[in-house]
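In structure tokens, one chain follows: the form predicted alone.
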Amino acid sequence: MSNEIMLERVESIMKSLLDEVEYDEVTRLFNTLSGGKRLRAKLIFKIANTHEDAPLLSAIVELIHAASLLHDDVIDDATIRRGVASVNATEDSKTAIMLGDILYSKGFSSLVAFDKDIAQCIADSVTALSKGEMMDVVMSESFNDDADLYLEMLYFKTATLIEAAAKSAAILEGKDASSYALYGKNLGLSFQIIDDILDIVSDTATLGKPALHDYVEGKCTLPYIYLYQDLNEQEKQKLKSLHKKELSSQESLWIKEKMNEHKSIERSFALAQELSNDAIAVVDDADLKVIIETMMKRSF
């Protein structure tokens, strides 16, 4: 099955599941969402490509992911998601939260069709995801220079659902679940580190949001942490003073110049590459290698 046909089938199942809610407003709002890359669905199909239940599992995981993004936009006061106005911007935060709740609950109720181990795997990942979201909010209150703490938060907030998608697909197909789980975990971490880099190096038109937006929101992503480690004391204080502040063009330029000087972006990319290499090493699968390589080269 081609990627296009596979994704069309997942979209169709997602809409069918939401039709079962029997509320036109849910369908209308869901249709306004940008589908994104459907990374988790692609991963499930690549691992469990011969199993008849792979499309349903993919749709469930993508519903859960969409729910998490709706809540994330409310928490971050984000007005744009993937270049499209967010639901909390076009409607309001209450509507975005309620739509997210419906997507979450419909995803969970649909999980009962699967083996207990698969349902448990996905459910546990959503608990971890919510924990990661809370960690992210708490950490954004002050400047964080602890790379290990940041990576732990990334694992919970982003990588855990990708890890669960890979692991549950392996269980479905009767493959080695632990190896595929490790692949998914490392893919998820690499994916988010690349996102962190793109927030700094890409332009607003490409990103669909203002550049350096993460730092303005209070997120000390890996490039900022690595930069802080290399600055002198006066420069460290300047970087910290810009945390959670609307940056002038001059201040943005200073951050970018310092990152260029100290190779903070290159260092962050090197870690993402190392994690990607480790992911590829645990599974002998050409298709999964392509997913990693494509993710590492993306520009948005």
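Start at 1 with the first residue shown and count on from there. Since this is a predicted model, take the numbers as computed values, not measurements.
What comes next is about the form predicted in complex with a small molecule, which does not appear here.
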is_contact(Leu69, the small molecule) in the predicted bound form, heavy atom dist at most 4.5 Å: yes
The small molecule contact in the predicted bound form: Lys219, any heavy atom under 4.5 Å: yes
Tyr104: touches the small molecule in the predicted bound form, heavy atom cutoff 4.5 angstroms: yes
Partner contact for Ser109 in the predicted bound form: the small molecule, 4.5 angstroms, heavy atom: no
Selected contact from Ile171, Leu129, Ala181, Leu212, since only one has a non-hydrogen atom within 4.5 angstroms of the small molecule in the predicted bound form: Leu129
Stretch in contact, per heavy atom within 4.5 angstroms of the small molecule in the predicted bound form, of 224-232, 121-129, 86-94, 139-147: 121-129
